[in-house]
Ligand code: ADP
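What follows is a single chain, given as structure tokens, in the form predicted on its own.
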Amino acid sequence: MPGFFDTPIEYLKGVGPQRSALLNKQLNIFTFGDLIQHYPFRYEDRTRFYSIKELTEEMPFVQVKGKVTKKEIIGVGARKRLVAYLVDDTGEMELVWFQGIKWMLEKVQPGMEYVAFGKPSKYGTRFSIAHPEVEVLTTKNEKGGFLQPVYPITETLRKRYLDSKALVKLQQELLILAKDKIHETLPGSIIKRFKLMDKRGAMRHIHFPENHQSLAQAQQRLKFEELFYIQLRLLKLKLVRKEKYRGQAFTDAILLTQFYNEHLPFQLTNAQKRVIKEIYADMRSGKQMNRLLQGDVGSGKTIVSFACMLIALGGNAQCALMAPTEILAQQHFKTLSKFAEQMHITIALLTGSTKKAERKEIHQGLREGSLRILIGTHALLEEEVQFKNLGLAIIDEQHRFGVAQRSKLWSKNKDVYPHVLVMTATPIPRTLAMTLYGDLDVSVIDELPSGRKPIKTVHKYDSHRLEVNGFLKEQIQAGRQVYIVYPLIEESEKLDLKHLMDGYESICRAFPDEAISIVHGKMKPDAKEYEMARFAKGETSIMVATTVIEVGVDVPNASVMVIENAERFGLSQLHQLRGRVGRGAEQSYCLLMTSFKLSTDSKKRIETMVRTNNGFEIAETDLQLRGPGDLMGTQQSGVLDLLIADLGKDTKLLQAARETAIEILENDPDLKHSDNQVIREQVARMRKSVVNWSRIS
């Protein structure tokens, strides 16, 4: 049954059909429930008045009161402005209007007392506020005393007189109607344990807080609730999957032991050993595995994936590994073929450019079961790719695949779902992993193989160009190869960036004796592959590229990465790019080139890169700087449409919400206890529109 909060927004006093259509289109506000959950993004502090003497330029917004002594129009044409002089006991300041002069001339009268609100600026010795909000001083407003909510709106709404102030009036109207309709959504035990504000109070104070304390309490309450229900849903899905979806039980590790003892050319790190144990425990349990494997670039995920394949092969099953690009698939194939051949295991590569005759052979081998490991790109998802018994599906750089694509691989075994291992070299901050992949088990390889030297990262300004080129020449003479990465392909009018072609020409001039490759997103795939292959074979010593190499080819001899206009890249992307070097035993370098003009955020990003090689630390900083936004291509997940919580800042709250949800589900998985009735009802009320993609990794 539709309830009060499902009422269409047009039925709220002050809205009507036209405004309703605007709110629908501009802010996705369709119902009373949508409006009441359209929270302010900041608050203007009207709780106190400042004297003119107290003003400083650093203050964001201030409220002053005083008498207007005179007003005058100064200047002509475009420079024309209205100035009113406001005086209090401590001094005089100016209120200035460049627009709406005619209207303000009538509104502001000398001899009257006013309250003015706005951003103070200083010209010479005198303070002024441009376009202040002004109202006549009354007994009601002379005490000040409230925090004014400011709502997210669009330019279109502002032009149609639906600004933040108009939303304030609508929220006031709605809160009067909704007062008795807001029900508690958390059990009393949780409210008491975390000293949370009640739901009705929280909804009132989030829109119209009496003071900073009541605002903080309202925010805490609503954030906790939002994170708690997200975690509850994810954990419930995980429980259901573990009960409902059985997997093949692979208990024979004889191939893995043989590989360890006879063929492994180096020692595994402790982190790799730990992760293999975790995966083996899943694969022998009889429940379908759904695990995320995180490991920084170069941490050795490929060898771990092969160890896991051996567990499945020991149980007479087949394995598939899907990579986002042909180059990456070929790289995996090259690495794993060596081991597979030593152990007499059949392995094949299937990509868009596999010849027809080869394809036919691969399809037949898969159906008969004689082909044990298949590595490939999206080509694995085609209808005619049919396995006899797919036991393990591994997806590399999983965020590069759409969810629907991943689900196709999932259904390649008709009898019992294959175990799924998704791998990523993009370090995911804990808060994001807990939210995005809260229903997956997560394994982390958090140490690099021994013998790898940390990459030295240096920040250089454009003025150091000659010095940098000299360093590159030294490295090339010593037999090393160099990547030079640019952010754009063609010049953008708005951004003053050296674009790729300019860069390529100047590099050709600076290195006339060197063979140079160029790769960018607008090239045809085969041309791109050809250039990358030349670089990989060592036929060219410099690779000029855009970020297409971010997930790309392994060239152990490439030991220098130059990133041009480094300030234009996100932190995670810089880290991914840097991971392209440092694959061999030689000392590797990453040079971050920037102009002198850097924003605060850019400085922080560059400093972080120079300071640390730790991908998880970098990801945490990135999350704080950028917010979760689309850090992981998360828009497809629907999980991150958060109304009020902020994963960059609310780590402790998220942890508490998750622990509480785990505790409740451990004691009462079906939420049948009377204490949990409130939760059960809220779960039923919550939007049913969330697509259950989580079963598909």
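One rule holds for the numbers: they count along the sequence shown, beginning at 1. Throughout, rigid core stands for the largest set of C-alpha atoms superposing within 1.5 Å between the two forms. From a predicted model like this one, the values you see are computed outputs, not experimental measurements.
The following text describes the form predicted together with the named molecule, which does not appear among the structures shown.
Give me the residue from Lys388, Arg359, Arg583, Lys473 that has a heavy atom within 4.5 Å of the named molecule in the predicted complex. Looking at Lys388, Arg359, Arg583, Lys473 one by one, just Arg583 meets the 4.5 Å heavy-atom criterion.
From the list Lys287, Arg452, His363, His378, which entry has a heavy atom within 4.5 Å of the named molecule in the predicted complex? Comparing distances to the named molecule in the predicted complex, the residue within 4.5 Å is Arg452.
Is Gln258 close to the named molecule in the predicted complex, meaning a heavy atom pair under 4.5 Å apart or at it? No - in the predicted complex, heavy atoms of Gln258 and the named molecule never come within 4.5 Å of each other.
Mark Lys301 yes when one of its heavy atoms lies within 4.5 Å of a heavy atom of the named molecule in the predicted complex, and no otherwise. Close contact exists here: in the predicted complex, Lys301 approaches the named molecule to within 4.5 Å, heavy atoms only.
Distance check, Phe266 to the named molecule in the predicted complex, heavy atom within 4.5 Å: Phe266: contacts the named molecule in the predicted complex.
Evaluate Val297 for contact with the named molecule in the predicted complex, applying a 4.5 angstroms cut-off between non-hydrogen atoms, and reply yes or no. Result yes; Val297 sits at the interface with the named molecule in the predicted complex.
Within 4.5 Å of the named molecule in the predicted complex, counting heavy atoms only, one of 307-315, 444-452, 247-255, 125-133 shows up; tell me which. Heavy atoms within 4.5 Å of the named molecule in the predicted complex occur in 444-452.
In the predicted complex, which residues of 586-609 put a heavy atom within 4.5 Å of the named molecule? Not one residue comes within 4.5 Å of the partner.
Superposing on the rigid core, does the Cα of Leu137 end up 2 Å or more away between the shown form and the other one? For Leu137, whose C-alpha is compared between the shown form and the other one after core superposition, the shift is less than 2 Å.
Comparing between the shown form and the other one on the rigid core: C-alpha of Ile618 shifted by 2 Å or more? No, the C-alpha position differs by under 2 Å between the shown form and the other one.
Relative to the superposed rigid core, does Asn270 relocate between the shown form and the other one - that is, does its Cα move 2 Å or more? Yes, Asn270 moves 2 Å or more.
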